[in-house]
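In the block that follows, a single chain appears as structure tokens, in the form predicted on its own.
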Amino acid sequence: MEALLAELAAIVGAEHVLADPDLVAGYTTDWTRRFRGSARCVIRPGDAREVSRALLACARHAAPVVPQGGNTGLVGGGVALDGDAVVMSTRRLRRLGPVDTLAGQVTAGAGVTIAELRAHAARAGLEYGVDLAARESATVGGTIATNAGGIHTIRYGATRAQLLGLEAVLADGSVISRLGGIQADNTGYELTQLLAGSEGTLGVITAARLRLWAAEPPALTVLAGLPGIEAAAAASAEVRSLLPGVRAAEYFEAAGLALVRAHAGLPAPLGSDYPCYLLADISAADGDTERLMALRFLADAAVAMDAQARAGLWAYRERHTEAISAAGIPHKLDVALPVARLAAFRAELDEVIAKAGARAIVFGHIGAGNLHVNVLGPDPGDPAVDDAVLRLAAAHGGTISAEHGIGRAKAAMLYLSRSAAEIAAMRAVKSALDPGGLLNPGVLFEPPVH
């Protein structure tokens, strides 16, 4: 270990090699506190060349490497469970290029946070299409590695839709770089899209060329109470069919609202209580507001038009995560279903949760059919309720991961969403690009049985 530490210190600087257990601990526990591990050390390279040299050094010493961004992941994908591993933090990869207003693009380092990127784009009168509650900590590299979605997915698509190019370092130390931003380029395999969603198993993302959009500030935010998830899905579809400028359509339930209110001390948002709620952000043109207010489901709704009032309504949705974390260590399950199957899935979910002797707080991006099922009660190390919820989602034609990734938490269940042929093809790609299994072993795939 001492030889490896010395070699890494010579590459990234001694101050960027952390071996003290107290310092390393912050990098080996995930945000939920459910996944905890250990590592030889944490290294913080400053550019792609240092990443390359560090990967080669780790390979020589047979030390697995766990790439990590803001450590806001929810499936254990950025946490080293093997004490021999080296955590490679990308937080120092913070270059943020000037906004190309002519092309609507920008180059950002992997360690730039989503909040920083969005503010940088806004100063140029443009907008980055991905936004999420963890924006102050989540990084460009981490969100690319998991193909994060967030609250604006229905408007701009997930992270893959924002990607025009990548710089990344492969396991053999080679650097691939396509940051020119050319949109019409049909020259072979699209490696940028291959690395997106690969969860650090194929390479270490160091920078990206990203698409920006014309700034489109919401004209209003609506929070409506509804009798159930079927009504919420129908209301979301109705709004989107009538108004082209819907930027977000979010869902949460009475149990989550009660938890948020108790945690944050917020007042009731509406005059009456409802089983569930739909929150929508809309960029309304002339006449759109009148059409919106005529919708039947807005019989009891709060409508906000200024920034402060809109933030007040969004707090009921965005403070779910912190309120849940304050209540215990959650099992965070991220599923997506055909919108027509949401109600059937939700109806059976209560029985699954009850059998586990647990309680569930459900919210999500209903416009994308994406529900976050947060289960409180079971021991963090007991996967039984996870398996039951994911099997239920698969039975209804859904996926076991909409945007959080597979990580370590769901590797054993990947077959529920991918066929044997697909998994074999993905393993073949992994073997070709990382034949020594250096990068994030145990993430995405179960270790092979020998």
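This structure is a prediction, so every number in the text was calculated from the model and none was measured. All residue numbers refer to positions in the sequence shown, first residue = 1.
Below: the form predicted together with D-malate (MLT), not depicted.
Chemist: Mark residue 345 yes when one of its heavy atoms lies within 4.5 Å of a heavy atom of D-malate (MLT) in the model of the complex, and no otherwise.
Modeler: Outside the cut-off, so no.
Chemist: Please run the contact check for residue 317 against D-malate (MLT) in the model of the complex: heavy atoms, 4.5 angstroms, yes or no?
Modeler: Close contact exists here: in the model of the complex, residue 317 approaches D-malate (MLT) to within 4.5 Å, heavy atoms only.
Chemist: Check whether residue 276 has any heavy atom within 4.5 Å of a heavy atom of D-malate (MLT) in the model of the complex, and answer yes or no.
Modeler: Result no; residue 276 lies far from D-malate (MLT) in the model of the complex.
Chemist: So, residue 403 and D-malate (MLT): in the model of the complex, are they within 4.5 Å at any heavy atom pair?
Modeler: Residue 403: contacts D-malate (MLT) in the model of the complex.
Chemist: Between D-malate (MLT) and 94, 107 and 118, in the model of the complex, does every residue show a non-hydrogen atom at 4.5 Å or closer?
Modeler: Checked in the model of the complex: no contact with D-malate (MLT) for any of the three.
Chemist: Could you tell me which of 265-273, 317-325, 95-103, 224-232 sits within 4.5 Å of D-malate (MLT) in the model of the complex, going by non-hydrogen atoms?
Modeler: It is the stretch 317-325.
Chemist: Of 365, 209, 247, 331, which one comes within 4.5 Å of D-malate (MLT) in the model of the complex, counting heavy atoms only?
Modeler: Contact check passes for 365.
Chemist: Give me the residue from 74, 260, 282, 85 that has a heavy atom within 4.5 Å of D-malate (MLT) in the model of the complex.
Modeler: Here the answer is residue option 74.
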